[in-house]
Every structure is written in C-alpha cells, then in structure tokens.
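In the form predicted alone, a lone chain appears below as structure tokens.
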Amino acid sequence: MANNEQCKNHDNEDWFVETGVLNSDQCRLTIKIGRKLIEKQSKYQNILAFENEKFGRCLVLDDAIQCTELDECSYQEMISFLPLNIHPNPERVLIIGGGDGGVAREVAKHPLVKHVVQCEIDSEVVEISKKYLPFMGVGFENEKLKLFFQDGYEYVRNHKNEFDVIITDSSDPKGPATTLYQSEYYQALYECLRHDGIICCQAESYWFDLEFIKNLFHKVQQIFPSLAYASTAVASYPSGQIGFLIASKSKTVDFKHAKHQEKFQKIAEKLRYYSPEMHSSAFILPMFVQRQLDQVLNNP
C-alpha cells in the first residue's frame, strides 16, 4: 500500500495502519482489511477502499480514514444539519470537498434547500465512492446538486454574495488541504456568503488539537462576528471525536437552537444520528475546552 505501513499478523492477515492524520506519530488507528476493493493513485492523492467486518466499507485518502459505513452518519449529518438548522432560510448551499458524497446526500434532504453547488478537486474520489460506497455516492444523484471538479478555494474567490451556507468537508490541514485553514480562505468564505450566511468547517479533535483549534478561532474571529465549536463522536477517528468550526455573519445568531423543527420532522426518519437534541448538545463542551476557547474569544 502506497505510503502506508501495511502489516500482516501470524495468520497472514492484512491490516490498515493509519499514518496520514495530524497525530499519527503518537496514535495510529489499525483496522483489519477483510477485502480490498480498490487502491490507486489519482492526480492528487492515494485512494484506498476496503471492507472490515465491524466498520463495513471504508474510504482512505493519503493514509487517513475519511469515512466508514459504521459511523459516517455521525459526521455527515452533523456537519450538514448543524449549519442548515442554524440559518433562518438555507436555500443556496456550497460544499467544498466532500468527494465521498455524504454531505451532498444530507444537504439535499433539507426541505428548505433549493440549490447545492459542490466543488471537489478529485473526480476519481467521486467515481470510487459511486462504485464502492453507494450508500454515500447516492448523494451525487440528487437533482438539487451541481458538481464541479475544481479547486474550491478558487471557486469561492470568484463568487461573491451567493450562498446562505458553505460547508468545508476537508481532510486534515496537511498537504493540499492546508490552504483551507488559512485566514485568506475564511475571508473568501465571508465574501462568498449572503448577509446572514453561515460556514461550517471540519475542525479537528479537542483531545489532540486544542492549540490548533485555538489558533483557528483566533483567525476566524478577525473576520466573522460570531463563531462556535461543535463536537460529534466518530468511532473510526483516532480520538473518537471530531469537531466543527461554525461561524456566522450575523452578530445575534443562536448556534445552540435548531430552527425549522416543524419542517424538519418530515425527514427525521431518514436520519440516523442528528436530532434537535443532538444539535444543542453538540455545543456543550468539556470545561477545559470551553475555558480555552472563551479565553480566545474574550481576547481578540
């Protein structure tokens, strides 16, 4: 396996050892490969899909787990419905990244969403997801979606005042994804949003990356008047937890309250993880985390 420490035990079994995340020098997830579905090098990254008895089908990009069939709902539903149910009327949505199709699948479910634009730089991730992860790749079939294979940052810079919600479903801030965690990117997001627009971005784990999250908060609060950190549980990520940075152009936004509950009930049976109660609880953080983030917010 390219760049990955593939190992075999005494029964000659194959194992995937995750080496591509921020903290893989200290903590590495190991998953048994029941059956390898595909492995190839695209123009941008190494792509691996395999099956595991517990996790189901798994997608790996550059030796970092992106999603598994077992727990993808907790990430995809939360990164989508948190911002969609904070915004008063999320009609136009932009997705940056998300080549597995999971975010597109969830965003299109929302009854108020009318148009979805997605920018994914690697077309081969999309094709592999359609073929080997159809439970996520189905997201690309929705008529609300318009998919572009291009750099998301470039798209954002060239589209001003167009979207109500922008979701950045990116990998860790390593390699090509590094630009999606810089001040210039968040400024471009701000300008791409309508007057009360909201962004939601993958923002790492508070167990391993609290200093990174604090630095991210410091950058974003220079641009957006309101921001918060929300958390969800994902079993296949090294810390079992991942977070989202959510920011709004509105000064009076209520992050913790889920709007559209009456309309939302129409699709509740289609969800596995998100609920209005999970929405509110996502913003309840451990005291050591809340203190550190409050310190940043109170000292801009």
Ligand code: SPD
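All residue numbers refer to positions in the sequence shown, first residue = 1. This structure is a prediction, so every number in the text was calculated from the model and none was measured.
Omitted here: the form predicted in complex with the named molecule. The next part is about that form.
Checklist entry - Looking at 123 to 131, 72 to 80, 217 to 225, 187 to 195, which one sits within 4.5 Å of the named molecule in the predicted complex if you count heavy atoms only? => result The contacting stretch is 72 to 80.
Next on the checklist: I need to confirm a contact call. Of I47, I242, A258, V253, which residue comes within 4.5 Å of the named molecule in the predicted complex, counting heavy atoms only?
Outcome noted: Contact with the named molecule in the predicted complex is made by I242 alone.
Checklist entry - Heavy atom within 4.5 Å of the named molecule in the predicted complex: which of Y237, Y274, F264, F55? => result Looking at Y237, Y274, F264, F55 one by one, just Y237 meets the 4.5 Å heavy-atom criterion.
Checklist entry - Quick check: do L210, S231 and Q292 each get a heavy atom within 4.5 Å of the named molecule in the predicted complex? => result Zero of three within 4.5 Å in the predicted complex.
Next on the checklist: With a cut-off of 4.5 Å between heavy atoms, is I246 one of the residues that contacts the named molecule in the predicted complex?
Outcome noted: Output for I246 is no: heavy atoms all beyond 4.5 Å of the named molecule.
Checklist entry - Can D164 be called a contact residue for the named molecule in the predicted complex at 4.5 Å between heavy atoms? => result No - in the predicted complex, heavy atoms of D164 and the named molecule never come within 4.5 Å of each other.
Checklist entry - Is there a heavy atom of N85 no more than 4.5 Å from a heavy atom of the named molecule in the predicted complex? => result No, no contact at 4.5 Å.
Checklist entry - Does I65 reach the named molecule in the predicted complex, with heavy atoms at most 4.5 Å apart? => result Contact with the named molecule, yes.
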